[in-house]
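Before any questions on how it binds or moves, here is one chain, the form predicted on its own, in structure tokens.
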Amino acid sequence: MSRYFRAKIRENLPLNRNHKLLTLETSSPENEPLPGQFYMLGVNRGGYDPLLKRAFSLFRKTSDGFQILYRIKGKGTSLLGGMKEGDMIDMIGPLGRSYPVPETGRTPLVIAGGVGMASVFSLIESIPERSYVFYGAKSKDELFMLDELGALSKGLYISTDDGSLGKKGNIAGVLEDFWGRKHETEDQYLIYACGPKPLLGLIARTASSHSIQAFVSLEEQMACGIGACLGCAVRVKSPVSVLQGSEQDFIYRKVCKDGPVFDAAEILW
């Protein structure tokens, strides 16, 4: 089944100076996205610059399409930010591995750093009142959907780098503080996370120290989204093998095809 389609912009809503929420209408309901999957969007308005599509996580499904939360950072996202209601976008998706559904009896801890909330919001929405949510950003102006997150979660924990809302500092520190106030035993928890790679590395080490399984969504530059270009390869652990007389204890996986969601214990941080 082809995953190429065209979508119409219903709204391109500014959330602050650098972030927007894109609402798209699609006539391809057979390609229903799952939490953690992503789309490749063409942002060149029918031209050739930029030539390559850009990868964006599913933020939330709607009755006739879906939404994408994005940050305006470079040329591609600046072009996307200038698109209007009624404009058409060439798309490929949904792509990639989704977050595994938490088993009954497990309590998800969902962690988002900055625009990483774009990846985990639909997961939180799919398991209402089951998860504790940890959400960190540079400042309170870069935290979104707080009322919705509070209603959807068992508890919402906030941090900001500048201390403008919640605890001052990194959200990984808030997660560490959580263990002293936890309600369940550690083997009941399951971690899901998306954000900058240094944050995900901290979370992976925290999860390992508490013997908790963690799933992370990696953010890498993607040129194709289907595993053809090899531009998003990451090193993951492998059984030790002998290759031309030397030991190799890692292999490469493609974030777009084998991920973007991985078991955190697999990644060589």
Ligand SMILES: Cc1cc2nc3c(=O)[nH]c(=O)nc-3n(C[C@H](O)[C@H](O)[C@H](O)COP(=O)(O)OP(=O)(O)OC[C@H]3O[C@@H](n4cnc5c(N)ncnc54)[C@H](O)[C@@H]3O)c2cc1C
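Values in this document were obtained by computation on a predicted structure and should not be read as measured data. Don't overthink the numbering: it's just position in the shown sequence, from 1.
Below: the form predicted together with the named molecule, not depicted.
Subject >> Contact residue in the predicted complex, from K168, K73, K84, K138 (heavy atom within 4.5 Å of the named molecule) >> reply: Contact with the named molecule in the predicted complex is made by K73 alone.
Subject >> Candidate from M91, L109, L156, V115 lying within 4.5 Å of the named molecule in the predicted complex - any heavy atom >> reply: The option sitting close enough to the partner is V115.
Subject >> Residue stretch of 123-131, 159-167, 74-82, 146-154 approaching the named molecule in the predicted complex, non-hydrogen atom distance within 4.5 Å >> reply: Contact criterion met by 74-82 only.
Subject >> Non-hydrogen atom contact A214 with the named molecule in the predicted complex at 4.5 angstroms >> reply: Contact with the named molecule, no.
Subject >> L52: touches the named molecule in the predicted complex, heavy atom cutoff 4.5 angstroms >> reply: Yes, contact at 4.5 Å.
Original post:
For F66, is any heavy atom within 4.5 Å of the named molecule in the predicted complex, or not?
Top reply: Because no heavy atom of F66 falls inside 4.5 Å of the named molecule in the predicted complex, the answer is no.
Original post:
Might M222 be said to contact the named molecule in the predicted complex, defining contact as any heavy atom within 4.5 Å?
Top reply: M222: yes, in contact with the named molecule in the predicted complex.
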